[in-house]
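Coming up is one lone chain in structure tokens, specifically the form predicted alone.
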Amino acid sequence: MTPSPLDNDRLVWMYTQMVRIREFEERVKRTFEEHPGVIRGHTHLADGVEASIVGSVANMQPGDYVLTTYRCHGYPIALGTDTKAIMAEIYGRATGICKGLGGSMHLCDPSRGFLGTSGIVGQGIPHATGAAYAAQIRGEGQVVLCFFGDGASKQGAFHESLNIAALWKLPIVYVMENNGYNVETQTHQEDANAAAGEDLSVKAKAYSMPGVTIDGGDPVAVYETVGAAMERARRGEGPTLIESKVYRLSAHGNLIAPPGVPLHYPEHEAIAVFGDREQYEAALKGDPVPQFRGRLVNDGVMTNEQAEEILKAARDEMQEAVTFGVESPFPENDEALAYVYA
């Protein structure tokens, strides 16, 4: 079974979510210069990954779940979480989606099926596998989407989770978003790459599950591939590993520079670390947001005027989110231990 065909309204919805994610990430990035000191700790952006996020979650049905890594802002945005609450959370404010206690790397909105994230590489994989086991026990046809980076495929939790998911035919789809870098190390440079130059989806063979590599910059291709895997899982046929190849357009995380030096999010590591401007500029030409816009306009799905209206609406929305976050109060001191269970 293949996922439902995408009509024009759904295609425009997908583009709109991609634009909203991009504009949200841009405002997070700009906060470091516009409001110094407002964001404490690390933030990890997903600009360049929007097509993979939206194309995947567009397949979700009521009751399905998502768990992700710490590069996580885009998923709840596409799922419908209030962007003001997400921005306030990143700013550590009491009006945040987690009352300001989680920050950028620990977002959670169970009301939208977004079960949360983890700052530990690969930690969300066993969490998602457990959620899939619970879904199997309930028997209500729920499917779990589990997102993680290529670096997480080296963690023991990855191998253990895929093994048990295959053995028990759990209803889960593992989406490895391979952005080409492990922090500052290019994936193809790693001698420890267990796939020995092959696509990382080959790791699925060890656990007798389907593995496929796709262009994560094409939201329609992502939608179709992830959708087919989710339908397979919903039929009780078990998990799938999908390697979604993307290119993140910002650095791994915000870089803290000396006072007075505006070096928080430099150009991508390809320039900042390796000096590979050619690679970075090639990636900009393939930026999934303008690429998808051009595709929809050329196909007559929307006009340039409609695209501009979507962009303006997204920018207005994210300005409201920034203003709301900056003006929101901090949590009270007595809230610090209110949700600690030990």
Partner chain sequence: MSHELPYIAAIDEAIRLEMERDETVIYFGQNMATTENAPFRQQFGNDRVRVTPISETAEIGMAVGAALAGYRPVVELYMAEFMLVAMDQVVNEGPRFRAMSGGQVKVPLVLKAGWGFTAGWAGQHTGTLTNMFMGIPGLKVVSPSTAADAKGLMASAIRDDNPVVYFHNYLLTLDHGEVPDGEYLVPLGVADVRREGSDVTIVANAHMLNQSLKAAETLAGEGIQAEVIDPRTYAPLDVDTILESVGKTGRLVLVDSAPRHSAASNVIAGEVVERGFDLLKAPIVQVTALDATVPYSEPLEAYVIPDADRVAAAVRGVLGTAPVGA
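In this text the structure is predicted, and so the values were computed from the model without any measurement. Residue numbers count along the first chain shown, from 1.
Only in words, not in the display: the form predicted together with its partner chain, which the text now covers.
Peer 1: Check L67 for me: does it contact its partner chain in the predicted complex (non-hydrogen atoms, 4.5 angstroms)?
Peer 2: Output for L67 is yes: heavy atoms within 4.5 Å of its partner chain.
Peer 1: Is A131 close enough to its partner chain in the predicted complex to count, meaning some heavy atom within 4.5 Å?
Peer 2: Contact with its partner chain, yes.
Peer 1: Any of the heavy atoms of H127 lying within 4.5 Å of its partner chain in the predicted complex?
Peer 2: Yes.
Peer 1: My question is simply whether N163 lines the interface with its partner chain in the predicted complex - judged by any non-hydrogen atom within 4.5 Å.
Peer 2: Contact with its partner chain, yes.
Peer 1: Report the stretch among 72 to 80, 238 to 246, 104 to 112, 212 to 220 that approaches its partner chain in the predicted complex to within 4.5 Å, counting heavy atoms only.
Peer 2: Of the options, only 104 to 112 has residues within 4.5 Å of the partner.
Peer 1: Relative to its partner chain in the predicted complex, which residues of 135 to 161 have a heavy atom no more than 4.5 Å away?
Peer 2: Contacting residues: Q136, I137, R138, A157, E160, S161.
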